[in-house]
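The chain that follows stands alone, in the form predicted alone, written as structure tokens.
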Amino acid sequence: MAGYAVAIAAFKLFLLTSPLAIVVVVSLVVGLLMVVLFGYTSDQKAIGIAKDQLKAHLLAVRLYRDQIPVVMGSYGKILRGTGRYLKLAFKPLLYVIIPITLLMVQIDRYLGATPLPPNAPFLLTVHTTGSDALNDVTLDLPPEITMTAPPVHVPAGNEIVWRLAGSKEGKYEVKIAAAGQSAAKAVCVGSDLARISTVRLRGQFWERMFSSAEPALPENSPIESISINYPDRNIEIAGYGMNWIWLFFILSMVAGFIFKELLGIQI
């Protein structure tokens, strides 16, 4: 029994720490939820009729391909039937796509990038509202993070770039001050799976929703964004590196089609 408990605990730990395992499990669950949600929110009978009519019109094109008037009429019916099918499927697809998109945004916080390796240089970029504010920007670092080169000012882009390095694993805050105001940016060093925000933004609600996991910078701040060049995460499949979103898309679609057949749901 003790060995069984250890095996179960090891398996749970693998699921929680392996990006590949997380993507596979989430893809299977999402594939099932997509199909079930589509089935409950759609008119299954009407969709079935629309699909049968499309099949009949396509068959007519093949059977009567030598009769031009019949073929042209069938093509017109195919176009109308496709429009009718898309109308029936549009609302259920919204119910499916919106929550899945929000879920993918949250998962990407963990799987989209890897934390910074200890003692490896990385870039921190601050974008200001104007070139005049560049000379007022200062950087305050925790003891675990050091500057490895002087800052580079880019007046044309209203940017300052620092090259930094973290000495040991952990999550830290660097503080940037400008024009009497300060802002902090989280820096994640070393952990295998951690919630990472590559950028902190001022305003830009929709961009923040998809690309930032940190609160917005103050509206009156001279700092428009603070970003870190975290390494992208690739999941290895048979020797090939793949972004987790592509793998999730493929696996969830395959799982969805399998569950569709098992549950008898029209899509």
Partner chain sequence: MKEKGGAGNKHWLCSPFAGKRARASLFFLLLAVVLFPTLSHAYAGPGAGFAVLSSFWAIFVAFLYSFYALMTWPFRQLFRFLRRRNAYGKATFERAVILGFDGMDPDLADRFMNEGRLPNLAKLREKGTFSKLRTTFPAISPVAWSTFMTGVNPGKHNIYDFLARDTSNYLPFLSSAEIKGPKRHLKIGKYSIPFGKTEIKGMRKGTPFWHWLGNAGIFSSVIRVPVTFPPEKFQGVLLSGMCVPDLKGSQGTFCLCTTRASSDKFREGGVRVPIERKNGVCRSYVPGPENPLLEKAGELRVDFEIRPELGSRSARFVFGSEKFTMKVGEYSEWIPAEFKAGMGFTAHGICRFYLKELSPEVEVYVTPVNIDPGHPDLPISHPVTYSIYLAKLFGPYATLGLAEDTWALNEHVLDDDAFLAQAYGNHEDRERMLFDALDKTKQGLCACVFDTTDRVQHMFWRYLEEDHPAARDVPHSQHPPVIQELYERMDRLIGRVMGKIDEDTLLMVISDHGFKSFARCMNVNAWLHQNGYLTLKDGKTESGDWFEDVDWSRTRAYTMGLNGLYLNIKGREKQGIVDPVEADALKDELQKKLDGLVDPASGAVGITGVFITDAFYRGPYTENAPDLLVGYGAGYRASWDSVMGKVTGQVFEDNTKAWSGDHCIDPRLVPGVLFSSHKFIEDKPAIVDVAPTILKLFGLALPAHFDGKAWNLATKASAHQG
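Residue numbers count along the first chain shown, from 1. Between two forms, the rigid core is defined as the largest C-alpha subset superposing within 1.5 Å. Everything numeric here is computed off the predicted structure, so don't read it as measured data.
Heads up, the form predicted together with the partner chain isn't pictured, but that's what we're talking about next.
For the marked spot (V23, A184 and E214), a heavy atom within 4.5 Å of the partner chain in the predicted bound form is absent from each of the three residues. Of the stretches 218-226, 194-202, 234-242, 31-39, only 31-39 has residues with a heavy atom within 4.5 Å of the partner chain in the predicted bound form. The partner chain in the predicted bound form comes within 4.5 Å of no heavy atom belonging to Y172.
Taking the partner from elsewhere, Y85 is found to have a heavy atom lying within 4.5 Å of the partner chain in the predicted bound form. Proximity of A89 to the partner chain in the predicted bound form falls within the 4.5 Å heavy atom cutoff.
The closest non-hydrogen atom of A179 lies beyond 4.5 Å of the partner chain in the predicted bound form. Contact annotation: of the candidates L141, A133, C188, L93, the single residue with a non-hydrogen atom within 4.5 angstroms of the partner chain in the predicted bound form is L93. Shown here without the partner chain, the chain has N243, I245, F248, F249, S252, M253, G256, F257 in 241-262 lying with a heavy atom within 4.5 Å of that partner in the predicted bound form. A displacement of 2 angstroms or greater separates the C-alpha positions of R80 between this form and the one not shown, with the rigid core held in common.
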